[in-house]
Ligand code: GLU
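Before any questions on binding or motion, here is one chain by itself as structure tokens, the form predicted alone.
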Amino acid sequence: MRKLVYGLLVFMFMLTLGFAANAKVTFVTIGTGGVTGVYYPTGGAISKMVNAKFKQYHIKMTVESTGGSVYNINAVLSGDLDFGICQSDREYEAWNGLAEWKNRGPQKNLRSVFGLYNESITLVARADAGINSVYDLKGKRVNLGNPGSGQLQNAKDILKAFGISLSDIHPEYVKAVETPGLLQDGRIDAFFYTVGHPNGAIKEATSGRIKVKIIPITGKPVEELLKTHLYYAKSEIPVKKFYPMAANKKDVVWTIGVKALVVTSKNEPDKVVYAITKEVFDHLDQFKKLHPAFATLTKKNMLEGMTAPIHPGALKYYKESGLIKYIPKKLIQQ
């Protein structure tokens, strides 16, 4: 009995110490995307670097798999998430009150932190479906992306540019993680996926029993789209390098894409945003080794593609490090 009482006292004492320690801890979450995409490991990479400096910052960062860009922006603005990863076009639309935010107006509490890798609008199709260009999607079963994802609007933009309406195809709206199985089972003919490369879902889709290829998104309709949608840019996918089992004959497929960004709310504490920005930028070489999609990152190109003003916490680091010279004045709010 004495040992039992002593054990309970020790347990309660340790529990009290734990609560005392936790009282100083700042818990933050970063919203990503599906587990097969690049957003999820990106959130993991950022969290890993921040958590490694727990003794210095007392920040515990966790990763949450979400529906993607739109969900992350809304969750950041509502306070359900501290940080989110989103496409640059979706940040532009939220800031200006367009697309999903048309009825809610400009989201002026949104803040940029830094940019990441390029995301290519990728069109994947069964080799036996007779699809060699976007025009060939008419009459086909095509997954456009789940509601709340950035790729859904990208897919709609591409179809509209090529003069294809939703009534011209048989659209599906499922998550990217489900698409390789649907394609291999013959339940869809093609799917759009806006993502950094290499990507697990596309690797899975191209490695199955049914031959699969990546379709170019090029031509005059794309040239016109680039003139009106300035957040899009030409992008190349090294198919043979990343997806050797794809049925493509050419080594590279050209398309267009956007940029992945880390965003937060203006209400996020400066010290938290500063710590995260500093850890990623000060250890960029280490960060770049955590995923192949990060290979082309530079401190300069990580400050491109943003629309919402930069959070003061991140801005503090950019001033200290001399990177402020790369930031457009419109992104700096005093």
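Residue numbers run from 1 along the displayed sequence. The model shown is predicted, which means the values in this text are computed figures rather than measured ones.
We do not show the form predicted together with the ligand, though everything after this point is about it.
- The stretch among 68 to 76, 184 to 192, 237 to 245, 210 to 218 whose residues place heavy atoms within 4.5 Å of the ligand in the predicted bound form is 68 to 76.
- Using a 4.5 Å cutoff between non-hydrogen atoms, residue 114 does not count as a contact of the ligand in the predicted bound form.
- When contacts are judged by a 4.5 Å heavy atom cut-off, residue 150 counts as touching the ligand in the predicted bound form.
- Proximity of residue 37 to the ligand in the predicted bound form: non-hydrogen atoms within 4.5 Å are present.
- Although the partner is absent here, residue 87 sits close enough that one of its heavy atoms falls within 4.5 Å of the ligand in the predicted bound form.
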